[in-house]
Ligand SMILES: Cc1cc2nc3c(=O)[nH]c(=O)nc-3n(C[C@H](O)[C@H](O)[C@H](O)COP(=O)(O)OP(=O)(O)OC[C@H]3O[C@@H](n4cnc5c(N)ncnc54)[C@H](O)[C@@H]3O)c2cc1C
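As a starting point, one isolated chain is supplied in structure tokens, in the form predicted alone.
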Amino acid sequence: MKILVAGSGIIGVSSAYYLAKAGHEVTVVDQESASALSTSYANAGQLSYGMSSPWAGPGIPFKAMKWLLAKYAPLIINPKLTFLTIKFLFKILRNCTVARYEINKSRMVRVSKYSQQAITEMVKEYDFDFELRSHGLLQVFRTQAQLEASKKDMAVLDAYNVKYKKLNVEGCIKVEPALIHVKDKILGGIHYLEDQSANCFLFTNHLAQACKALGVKFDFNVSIQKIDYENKSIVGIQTDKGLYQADRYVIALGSESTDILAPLGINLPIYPVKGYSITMPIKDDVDAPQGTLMDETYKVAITRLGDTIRIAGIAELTGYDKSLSKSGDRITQFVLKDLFPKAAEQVEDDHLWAGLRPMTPDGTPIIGKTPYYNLFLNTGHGTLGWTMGLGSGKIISSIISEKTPEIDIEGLDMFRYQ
């Protein structure tokens, strides 16, 4: 079949790769000039299989209120609240129950674990250099309250067979030796043993080359204007470069998926949560992180990528505004200097980057069929697009190829919201 994939981030390229391997004729279109130039460009670099969890959970509303008042707040909400933001916050609140958290996490873990297997397969098949490190992820706690709350998290981890170790301060330093300089600031942590870190931008572009070797065509600088349909069938996608037609269509446009699909009566609860990152060269390896560290207090990740350190985090609710605020620079640099004060060289402000994470209120991506028989979705991965990318691509390829997916896909498609 001829298949058109809209979007060439990690989700779109993964979809194209597995569809091409299944024997389909695939074309990818994207408004950017190359693959992975939007949300996949400078994300945190985490492959968080063990930490795949929805943002909405028990106790989050109370925590969010405290975060808003914090000096280095992990959550920033534009005081000029729009209807879009209010609606998203309300849907988040509805998912902040124990029952919904467990359902949502189980769905996310399914996709993440599947992606973990796919990454392993990919490394065996291709000699990609994408700065992969299998050092695990260290979640660091600064307060006794965080240590106590982690007991509930560990019960969930046990339920999903996630491999981890609970660590005291000395254990944290053993995992990340550079923390010896700030051992008085931490009380302990959890080490997720199977989590990894890698450069999503590099990987996506390597995978795009593998796609081309399989016959996939990439058309860049193409802006989608509207989707044409008759009854319950898509007949083409209008762009500024003309009409694209195929037998099947995959929308993998992240936060932009909602506006493209709304005229079709498909209303996705995806909100563009802005996140920041800054990438800095390492000053001295002995004082730098060796894997990925998540600061539980500030919700900021510090990741080793080759000879650089990437600091990423913050959830800014300000609609589709991608402008850089001083808060992003101030918070990310504070956390790095607070935990790894001797790790990185100083850089200019132009190293700061912001991207829009396509968040769903339940944290789970939207993968699968739509009311239109030849239109499929692979979007809404939030902060875990890199973690879930390959697994999501394999799932959508199986569905389109009318093969039974290798994992349970219950609750992954858009119909869970109806």
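From 1 onward, residues are counted along the sequence shown. It should be emphasised that the depicted structure is a prediction, and the values quoted were computed from it without experimental measurement.
Separately, the form predicted together with this ligand exists; it is not shown, and the next lines address it.
K.L.:
If you check T27, S53, S38, N374 against this ligand in the model of the complex, which one has a heavy atom within 4.5 Å?
P.N.:
Checked against the cut-off, the match is S38.
K.L.:
Pick from M280, I260, A73, V175: which residue has any heavy atom within 4.5 angstroms of this ligand in the model of the complex?
P.N.:
It is I260.
K.L.:
Of the listed stretches (145-153, 337-345, 248-256, 282-290), which one has a non-hydrogen atom within 4.5 Å of this ligand in the model of the complex?
P.N.:
Looking at the other structure, the answer is 248-256.
K.L.:
Please run the contact check for W353 against this ligand in the model of the complex: heavy atoms, 4.5 angstroms, yes or no?
P.N.:
Yes, contact at 4.5 Å.
K.L.:
Verify the contact flag for G382: yes if a non-hydrogen atom of it lies within 4.5 Å of a non-hydrogen atom of this ligand in the model of the complex, no if not.
P.N.:
Judged by the heavy-atom cut-off of 4.5 Å, G382 is in contact with this ligand in the model of the complex.
K.L.:
Although the partner isn't part of this model, could you tell me whether S233 comes within 4.5 Å of this ligand in the model of the complex, counting any heavy atom of the residue?
P.N.:
Answer no; every heavy atom of S233 is more than 4.5 Å from this ligand in the model of the complex.
K.L.:
Give a yes or no for S223: in the model of the complex, does one of its heavy atoms lie within 4.5 Å of a heavy atom belonging to this ligand?
P.N.:
Contact with this ligand, yes.
K.L.:
Can you name the residues of 131-149 that have a heavy atom within 4.5 Å of this ligand in the model of the complex?
P.N.:
Contacts from 131-149: none.
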